[in-house]
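Next comes just one chain, in structure tokens: the form predicted alone.
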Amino acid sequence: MKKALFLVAALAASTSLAAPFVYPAAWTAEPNTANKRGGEYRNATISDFKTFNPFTSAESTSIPNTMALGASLFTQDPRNDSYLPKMAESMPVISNNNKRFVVKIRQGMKFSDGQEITADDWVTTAKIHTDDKVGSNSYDSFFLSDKPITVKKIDKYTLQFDFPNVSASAYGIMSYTPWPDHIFGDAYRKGGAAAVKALWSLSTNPSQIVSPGAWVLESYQAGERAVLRANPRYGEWNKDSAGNAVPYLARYSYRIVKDINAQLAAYLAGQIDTFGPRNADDLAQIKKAIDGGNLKATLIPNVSPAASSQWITFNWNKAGDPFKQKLFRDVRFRQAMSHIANRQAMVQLALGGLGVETYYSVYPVFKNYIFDSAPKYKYDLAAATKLLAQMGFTKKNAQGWLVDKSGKVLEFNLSTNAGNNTREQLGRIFADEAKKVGVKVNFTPIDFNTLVGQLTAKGDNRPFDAILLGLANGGNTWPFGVNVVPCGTNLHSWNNPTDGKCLTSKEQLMSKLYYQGDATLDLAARRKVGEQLLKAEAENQAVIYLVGGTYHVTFNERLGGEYPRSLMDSYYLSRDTDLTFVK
């Protein structure tokens, strides 16, 4: 209590603007010593955007996520993983056995429309995210073991977070982006969830979009291009080590292309500034262009293992098709599908040899949470055939497909997002291997936003058989997904009934271990829980993990401000766009 009383007293005495956040000089290998300003960071995406609304967006590459860059209470230091106060003025006052955090926010911060950013914006944002009628992908981040994390306004510039349990992820959880109460809160108070969901669609005039972060939407042409401009209000409280406002750049743009091959072509032509090489062929093409003088760029291969995953999930909620529902719920079937996945071929053919086989949800870059004690159902067609035979699939029809006693063919539909050439190749390899044992896989790439809608659908009869997709983002403190592992969460993709209940004891164990690990502050003890969770995941095979790529870095040499090589990896990436400049 004394610490809280001291905090309120200090706030009452403070009337001046708080000091800005200062980016450490060590975060860039090439400081902008001449304070060069202006220019555009040219990026690309293979799928058109779904929405401008931060409460209904679930995609890692999105307009809301780009606008949110830099707008969080705390940020991680890539030198040592520690958290630094960003929108927070200082580190929090902690009490109640590490479950209460009182945070002072920096005074003087403003949204792009000039309205002040205050504690109300965090409280309203949390309230909207936790209204299940909104359907936010961040919903699960505000609960621990089904108990809510409460966010309370102490005064205009002070927030109080109360966690139901101790959480190793507390700083990451508190670092959600505050969206404007004067827009979303006003709509929510008048019309509830429906009013919030109706805001900021793709047809909204960009002039009405408001941002707390480094970028704000300037223009959007469907299927062609989105342009964000620097938010001048952001530069008032974000400075480089010399005291200059950031970002230096004037604009951040996305070219919308049909697939990754088109994205690579745009990069080689110098039309975009960065590209994520998928395989040895991509690296070879970029190197050839550089060596031939056709592209002025930096290329750093094999920077780190990937901080992302590629996987196949099967839908357990198919009440309208009892045959497939029974099939997908049988762990022997899922283990057989893992045995069918020829991961070595996937690494060689789809990744050009630059990647690793994966068997778990933990990204390959987080090596200290991957344990050999967890089982691996490796490529073994004989083992797959044996498991399927145990399920009654012992005969084949005239076309060579396995059938059950009634003559029903063992087949299912598998989809991935069209335009992701790597995933399309992974899907074809999987279908070809399945054919060898008599499993008919009808593989079809479809629109990304349609695919996401199917994956996140809830109910007893969800609209897909199997989906091949990937996940990115998440934290490195406890690298299991809060919206993936526990039952009832948004990306618990295999089993998401209306009531959100677990279907099996293994799911219950995984949910329990997730929260147990998150509640363990001691790193060594948390890793031991992680080992148990990894083992349970692997035994369940609810999701069949395939391969992990290697993170390679390449960028056009017209850009400066990248991280030193020692700070680059797939988690922190190659640069902070706040420190990026055009030379």
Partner chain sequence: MLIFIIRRLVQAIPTLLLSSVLIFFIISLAPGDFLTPAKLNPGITQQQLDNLARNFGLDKHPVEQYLLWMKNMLFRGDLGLSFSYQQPVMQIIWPRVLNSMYLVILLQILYYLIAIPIGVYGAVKQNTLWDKSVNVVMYFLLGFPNFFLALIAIYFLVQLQFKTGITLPIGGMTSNGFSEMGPLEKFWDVLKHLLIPASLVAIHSTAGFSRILRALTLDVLHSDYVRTARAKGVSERSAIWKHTVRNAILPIVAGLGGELPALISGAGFIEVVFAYPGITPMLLDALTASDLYLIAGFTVITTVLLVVGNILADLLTAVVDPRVKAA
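Residue numbers count along the first chain shown, from 1. What you see is a predicted model; the values in this text were computed from it and never measured. So that the term is clear: the rigid core is the largest set of C-alpha atoms that superpose within 1.5 Å between two forms.
As for the form predicted in complex with its partner chain, it is not shown, yet the points below apply to it.
- Query: Out of 37-45, 544-552, 526-534, 64-72, where are the residues with a heavy atom within 4.5 Å of its partner chain in the model of the complex?
  - Reply: In the other structure, the partner sits against 37-45.
Using 4.5 Å between non-hydrogen atoms, is Asp140 touching its partner chain in the model of the complex? Answer yes; at least one heavy atom of Asp140 falls within 4.5 Å of its partner chain in the model of the complex.
Check your understanding: Taking heavy atoms and a 4.5 Å cut-off, does Phe49 contact its partner chain in the model of the complex?
Key -> Taking the distances in the model of the complex, the answer for Phe49 is yes, it comes within 4.5 Å of its partner chain.
How about Phe448 - does it come within 4.5 Å of its partner chain in the model of the complex, if we only consider non-hydrogen atoms?
Heavy-atom contact with its partner chain at 4.5 Å: present for Phe448.
Look up in the model of the complex whether Ile256 has a non-hydrogen atom within 4.5 angstroms of its partner chain, and give yes or no.
Because a heavy atom of Ile256 falls inside 4.5 Å of its partner chain in the model of the complex, the answer is yes.
*Does the trio Ser136, Asn261 and Ala289 actually contact its partner chain in the model of the complex, every residue with a heavy atom within 4.5 Å?*
The answer is yes; Ser136, Asn261 and Ala289 each reach its partner chain.
- prompt: Heavy atom within 4.5 Å of its partner chain in the model of the complex: which of Asp380, Asp146, Asp155, Asp460?
  reply: Answer to the contact question: Asp146.
TODO: Heavy atom within 4.5 Å of its partner chain in the model of the complex: which of Gly223, Gly114, Pro322, Gly407 fits that? Just give me the one.
DONE: When its partner chain is considered in the model of the complex, the option within 4.5 Å is Gly223.
Exercise. If we check its partner chain in the model of the complex, which of the residues in 191-209 reach within 4.5 angstroms of it by a non-hydrogen atom?
Worked result: Heavy-atom contacts within 4.5 Å come from Lys197, Ser201, Leu202, Ser203.
Quiz item: Does the C-alpha of Thr450 move 2 Å or more between the shown form and the other one once the rigid core is lined up?
Solution: Thr450 C-alpha, core-superposed: shift of 2 Å or more.
Is_shifted Tyr545 between the shown form and the other one (CA, 2 Å cut-off, rigid core): Passes the 2 Å threshold, so yes.
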